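Listed next as structure tokens is one chain, alone, in the form predicted on its own.
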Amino acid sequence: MKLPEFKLNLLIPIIFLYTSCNSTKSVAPPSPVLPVPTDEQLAWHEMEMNAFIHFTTNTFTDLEWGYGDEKESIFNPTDLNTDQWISTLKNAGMKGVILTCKHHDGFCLWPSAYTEHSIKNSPYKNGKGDIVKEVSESTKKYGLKFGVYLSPWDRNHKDYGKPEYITYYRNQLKELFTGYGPIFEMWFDGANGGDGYYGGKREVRQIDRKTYYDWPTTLEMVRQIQPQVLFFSDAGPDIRWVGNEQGLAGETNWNTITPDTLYPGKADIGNLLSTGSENGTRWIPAEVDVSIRPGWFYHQKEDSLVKSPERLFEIYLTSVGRGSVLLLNVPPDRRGLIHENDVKSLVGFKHLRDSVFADNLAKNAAIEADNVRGKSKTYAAKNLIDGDKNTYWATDDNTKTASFVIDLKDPKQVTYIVLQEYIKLGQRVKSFAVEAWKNNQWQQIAQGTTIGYKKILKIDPIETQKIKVTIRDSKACPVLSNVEIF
């Protein structure tokens, strides 16, 4: 029976609605590739650049490692201004600051109740000063996160190497984590044991680095006070050392390692720390610590040796540009100020980054991929250039090799390409290549292994209208959140 025309007209929108809904039916997201970062680790990745501040008696003795017998009276900054420190670092683009509250010499920048070897017995503010508090308050003022370094090794303390010292160390951690507001990262290194003053003994004391500190108990105590804190050391447990102090993350850089046999100070693990482990059981990403000067503490003789803006930019590319977080040390001078040469270099570094990454050519481009998960708009290639870190391009589960092409619409000069994985679902990409359309054919201009949180590729400048990125191999279906072209 033929339907009346008016009834047929009513059915048309219904049929369209059904067809439209059916074509955008829900497609399940990719399953995570474990391990994945915690919320705190993800926030840490997104910080990208933080500052280290080394400041203690060494600043006044011209040493890098104090012996532990330095008189408290030598610590006497004449014009200290932590607002100058933190505003300088904020203007340079830093998101957090880690202060050496106590270095190996044992001198404390806060009036610790558990030692006389502290700022309370120095001329600074007639013994009423507390630089940890001042830095903490300045970071709050300028919107930066605050972190602490507390050296496990103490060349001043009479009980170092004995069980009593562990109680002392934990008591000082309690002071820091209960008295100075939220702390985003606790930093401790592998320099442990050797010669020292040790309360006048002047001897060599060695410890079993694997067992002496009983790190699991110590860190659990801290986490009970501030659950959000991330712990850095050679082996984590939350952030690992990159294995060098030159500003170099591995070109292959997995955010995962298996820490079962690792501990702070273990020898001969530099390569592992640099590259990570593809099949690591824990998400423990690498942090790249390097100083703006040859040394970690201020020395007047190094005023002419401050790294140039160009050198800092190179370090940026080999740290942040390889999926790590850069921790750049900027040591205050004897006045208690960041030196003019350091400030000038930091300003130039910021200007370089701003100028290089000013105009993202991919923002208004067209993009197509040869595979989209379930052919769903939810995982479309356009998510790579929408500026939203929470959207991503993904392929079907059985597709580990795929490519996408970005059409700039007109020929443009290209020098930098930025790639980012959606690491909430784990790190996946094992190998990739980048090609440019030139002389009516694809020409390879870059290739690499891991991507991770961020990969910045510097290429020989080339004029092209199209860029093609091919994922050659992946642990599971690739999941990328962002592509930028400059």
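Here the structure is a predicted model, which means the values were calculated and not measured. So that there is no doubt, residue numbering starts at 1 and follows the sequence shown.
Here the subject shifts to the form predicted in complex with beta-L-fucopyranose, a form of this protein not shown in this document.
**Q** Going by a heavy atom distance of 4.5 Å, is residue 52 a contact of beta-L-fucopyranose in the predicted bound form?
**A** So residue 52 counts as contacting beta-L-fucopyranose.
**Q** Residue-level question: is residue 322 within 4.5 Å of beta-L-fucopyranose in the predicted bound form, judged on heavy atoms?
**A** Heavy-atom contact with beta-L-fucopyranose at 4.5 Å: absent for residue 322.
**Q** Does residue 225 make contact with beta-L-fucopyranose in the predicted bound form, using a 4.5 Å heavy atom cut-off?
**A** Residue 225: no, not in contact with beta-L-fucopyranose in the predicted bound form.
**Q** With heavy atoms only and a cut-off of 4.5 Å, decide whether residue 240 touches beta-L-fucopyranose in the predicted bound form.
**A** No, residue 240 stays farther than 4.5 Å from beta-L-fucopyranose in the predicted bound form.
**Q** What is the one choice in 386, 314, 164, 245 with a heavy atom within 4.5 Å of beta-L-fucopyranose in the predicted bound form?
**A** Spelling it out, the residue with a heavy atom inside the cut-off is 245.
**Q** Just to be sure I understand the contacts: of 169, 197, 149, 215, which is the one whose heavy atoms reach within 4.5 angstroms of beta-L-fucopyranose in the predicted bound form?
**A** So the residue touching beta-L-fucopyranose in the predicted bound form, by this definition, is 149.
**Q** Determine which one of 388-396, 246-254, 138-146, 96-104 lies within 4.5 Å of beta-L-fucopyranose in the predicted bound form, judging by heavy atom distances; exactly one does.
**A** Answer to the contact question: 96-104.
**Q** Scan 171-205 and write down, in order along the chain, each residue with a heavy atom lying within 4.5 Å of beta-L-fucopyranose in the predicted bound form.
**A** In sequence order, 187, 189, 191 come within 4.5 Å of the partner.
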